[in-house]
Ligand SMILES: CC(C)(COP(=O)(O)OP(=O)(O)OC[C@H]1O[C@@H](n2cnc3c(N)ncnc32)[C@H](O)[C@@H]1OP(=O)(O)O)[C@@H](O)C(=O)NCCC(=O)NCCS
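Heads up, the chain below is alone and in the form predicted alone; it's given as structure tokens.
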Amino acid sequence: MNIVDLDERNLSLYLVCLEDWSNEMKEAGKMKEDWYRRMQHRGLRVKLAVDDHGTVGGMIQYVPIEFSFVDGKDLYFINCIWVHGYKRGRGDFRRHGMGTALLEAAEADARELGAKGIVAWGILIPVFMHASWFRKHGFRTVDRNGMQALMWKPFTTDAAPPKWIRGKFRPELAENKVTVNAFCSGWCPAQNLTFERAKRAAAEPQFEGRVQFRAFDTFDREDVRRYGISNSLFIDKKHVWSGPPPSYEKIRELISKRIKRLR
């Protein structure tokens, strides 16, 4: 196994999180590419894990925390670490040490770049970005937000712990319309998929004149701070869970149900 830096040869693969076989990824549009181009000059780092046959099986992406969706200073923030775990496409690369190798490479890189520590977010239930996995690798929790833990590994004694940016958004409803508020920063194709499906569902001809779609670009952390949200979907006041992304049919059904309640 080798850990290599992202280059143009593997860029298209990275942009779909190694799922070049997935039709769903095509639905997510080009927001990940736009995010990547914007982040290239803000310190984005991407590393890939390549097996002995030259097949990419894992990836990690991390940024200076000042350009992330959490508060912190002089740290690097891991947006995600992902080892391809499907039999489809390139196959299942889990349990071969790729995740550990990627994390260790990112930590070493962050140290060389002068960071005072490295930060990750983890989910407290075993779905994705397991908090327990990061704990096994020396991270400790410094903040929590629902089922999400903010975890870090300081490198220096003067490192300041990060913290979540708390939610402040309160949906404003349009008169006699269903309001669809979609927040998207672009870094995650799964969240981009939710955004694109909501936008498309809100524009269905059968809903014409009954739905107001509002898009929020949360690429910049100041926008995250303003709303307290990075990626999220609201239909009227209902927060729609987007992990994993809801289907197009599900979003359309939720909009339809709200329309039936209009006066």
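Residue numbers run from 1 along the displayed sequence. Note that this is a predicted model, so its numbers are computed, not measured.
Heads up, the form predicted together with the ligand isn't pictured, but that's what we're talking about next.
Taking Thr100, Thr141, Asn145, Thr179 one by one, only a single residue has any non-hydrogen atom within 4.5 Å of the ligand in the model of the complex, and it is Thr100.
With the partner removed from view, the residue among Cys80, Ala105, Ala174, Ala160 that has a non-hydrogen atom within 4.5 Å of the ligand in the model of the complex turns out to be Cys80. Not displayed here, the ligand is kept clear of Phe169 by more than 4.5 Å at the level of heavy atoms in the model of the complex. Using a 4.5 angstroms limit between non-hydrogen atoms, Ser132 touches the ligand in the model of the complex. Not displayed here, the ligand is approached by Phe93 to within 4.5 Å at the level of heavy atoms in the model of the complex. Interface residue remark: Arg88 is not counted as part of the site for the ligand in the model of the complex, having no heavy atom within 4.5 Å. In short, of 69-77, 109-117, 124-132, 146-154 it is 124-132 that has heavy atoms within 4.5 Å of the ligand in the model of the complex.
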